[in-house]
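Read the single chain below, which is given as structure tokens and is the form predicted alone.
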């Protein structure tokens, strides 16, 4: 019964959140274009589906994804779990290797399952006439997110400020932009956004907060956030690196054919 009331409360909040979007669409449709929408019944049905889906998704975040992320962080940083490699003193950053492995694995798997990334990869494949592979792009983005989250969890464990990673990272991205194929640069910059969407963000945010709460000397507000920034940054690097490597391989194969 409590869950039903939570869904109803979340649904009412979602209606209020989405209402401005609906009002803007109605305003432009009737006062700017001055004509009714072509399929009002389908649009209304789809709008209702969106409200229900968003509400259930938000409830699912609170009930499952956020608790799972914090639970895994708590279990992986439990002193009893890491005691075998930290006997005789406080655990060091090497003793949290299971955290880095989990972060890498969860980053790769959630990104592969990300619906937004699937949509972008399919469209990129269509627009490029097959030059950009669907699975090649998805794996490149997933690898970037996995590396970024693993490095981000290491940052939380050691306590290094986030700017020491993000600023050099974007400097490297700018340098890559100059040498990467022009076709891939806009797609690479979009890859960071599509990689951090409905599936990835809740788990990553919960993992970062849970890790900061359980590692001694870390502050959840200062150290817990910033993990998503790594998940946004590193896919840009890996997608451009994927394009550069593909170009290099194609040049070698062409030179051998000649």
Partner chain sequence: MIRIDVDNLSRFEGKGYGERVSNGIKALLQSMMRSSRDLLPIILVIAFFQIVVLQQPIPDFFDLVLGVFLVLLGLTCFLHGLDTGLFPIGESMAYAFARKGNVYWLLLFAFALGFGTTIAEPALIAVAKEASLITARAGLIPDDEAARGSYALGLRISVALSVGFAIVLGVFRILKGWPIHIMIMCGYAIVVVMTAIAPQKIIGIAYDSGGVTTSTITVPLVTALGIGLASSIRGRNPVIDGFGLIAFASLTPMMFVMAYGMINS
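For clarity, every value in this text was computed on a predicted model and none was experimentally measured. Numbering follows the first chain given and starts at 1.
What follows is about the form predicted together with its partner chain, which we do not show.
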Check all three, 27, 203 and 232, heavy atom within 4.5 Å of its partner chain in the model of the complex: yes
Give a yes/no on whether residue 76 approaches its partner chain to within 4.5 Å in the model of the complex, heavy atoms considered. yes
Would residue 170 count as touching its partner chain in the model of the complex under a 4.5 Å heavy atom rule? yes
Mark residue 163 yes when one of its heavy atoms lies within 4.5 Å of a heavy atom of its partner chain in the model of the complex, and no otherwise. yes
Taking its partner chain as it sits in the model of the complex, is residue 211 near enough to touch it, meaning that at least one heavy atom pair lies within 4.5 angstroms? no
Sort through 142, 106, 150, 132 and report the residue having a heavy atom within 4.5 Å of its partner chain in the model of the complex. 106
Those residues of 204 to 229 which, in the model of the complex, come within 4.5 Å of its partner chain by heavy atom: 205, 209, 213, 219, 220, 221, 222, 225, 226, 227, 228, 229
Closer or farther: the CA pair residue 172/residue 127 in the model of the complex, versus this form, with a change of 3 Å or more? closer
